[in-house]
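The chain below stands alone, shown as structure tokens; this is the form predicted alone.
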């Protein structure tokens, strides 16, 4: 080797060391805020332990901002409107269209390409105008939760599997106990009751809210029957009192306090319910189907999605954090702790120590197919809200017929899709 080549190698090595040291030094000065609801639903300290692993590897500190889902949604929306969103944010798939359109969240496709990240390992990506803005980290099924003690007290011998059996069970619960049979939270501030506690019934019977990718609410016999089914439950007093003012968390509180026989909810709440109500005797069951349906059931799914704020000043470090969370080992651990299914297709969670109820939910999930027609939909929250409002009007008798109710909702949805 010539002296000139040796000199070049020494200079190059020195430069590389300088760059590396500069990067590490700068990383040590970086703190990323991570706003989410996950830390509340995971075992105590679990999320902090996971993000501390990233800090140990990179030198980038992660400040967790953990609050319940409804509070997180409000805070993230406020940050989007004012340009003060936390650096990294937990996202629901139904928020993505709005935030991406507002340019409040960053284009992850561009960041992944710049970083040379192999996105083929991701189970899913939520896009807006062809680019990714959210990555589902873990995925949750929404089965039927059943309070077995209430059913026994009411004289319901079998968990209902059809709409008729479920209505009969509601009647017995109403006649023989002081408890509510079912709950659909209809607070319009957070209208995800339409997604999780209403539409899940439609999907379970092979139904759809769409036709050829567009709103398909009118001339939809199954949907019309479901609306009337819920109106009957409301008129008969089978629903929790004050559902118009309830958030999803209120429903969960009712169930874990033993005041609700059935609810549809994500299995992410399993850990919390077991911790706060260890004596609650409950199980999971498949969603009841329409009486004449014998096909596969669609199972409502939701996810803990992750994105980066457009106002984040350290997008490179934020993207590195997302890649860490999506790495097979970390993603598998998070999935196991959260009672969820991984967002990395190569992750292999060890569920051997998970609660037996989670394994039951996993079996229900495997017997059906995943569906959520609000994920990535245009103005998804507004779609839910418009149906929510029309459903309340119909319940209260302010709308004459189910056809009028669905026509008004269809009109609102078509404006959003167009």
Partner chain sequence: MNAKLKKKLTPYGYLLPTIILMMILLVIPIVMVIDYSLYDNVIANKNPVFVGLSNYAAVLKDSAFWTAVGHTLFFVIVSIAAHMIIGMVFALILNTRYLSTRTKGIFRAIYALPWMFTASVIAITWRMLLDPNGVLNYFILLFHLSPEKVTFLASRDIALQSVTLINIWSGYPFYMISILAGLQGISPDLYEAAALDGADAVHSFTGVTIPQLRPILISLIMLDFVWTLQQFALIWMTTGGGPVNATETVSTWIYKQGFTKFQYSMASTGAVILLIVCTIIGIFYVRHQKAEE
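Every value quoted in this text rests on a predicted model; they were computed, and no experiment measured them. Whichever C-alpha set is largest while still superposing within 1.5 Å between the two forms counts as the rigid core. Positions refer to the first chain, counted from 1.
The same protein also exists as the form predicted in complex with its partner chain; that form is not shown, yet it is the one meant from here on.
- With the partner omitted here, the residue from 113, 157, 232, 189 that has a non-hydrogen atom within 4.5 angstroms of its partner chain in the predicted complex is 189.
- Proximity to its partner chain in the predicted complex, defined as a heavy atom within 4.5 Å, singles out one entry of 33, 389, 52, 355, which is 389.
- Listed stretches are 290-298, 85-93, 69-77, 144-152; the contact stretch with its partner chain in the predicted complex is 69-77, by a heavy atom cutoff of 4.5 Å.
- A residue is said to contact a partner when one of its heavy atoms sits within 4.5 Å of a partner heavy atom; residue 360 fails this definition for its partner chain in the predicted complex, lying far away.
- Among residues of the shown chain, residue 63 is not one whose heavy atoms approach its partner chain to within 4.5 Å in the predicted complex.
- The closest heavy atom approach of residue 48 to its partner chain in the predicted complex falls outside 4.5 Å.
- Among residues of the shown chain, residue 41 is not one whose heavy atoms approach its partner chain to within 4.5 Å in the predicted complex.
- Contacts between 374-398 and its partner chain, taken as any heavy atom within 4.5 Å in the predicted complex, involve 379, 381, 382, 385, 389, 392, 393, 396, 398.
- After superposition on the rigid core, the Cα of residue 142 moves by less than 2 Å between the shown form and the other one.
- When the rigid core is held fixed, the Cα atom of residue 231 travels less than 2 angstroms between the shown form and the other one.
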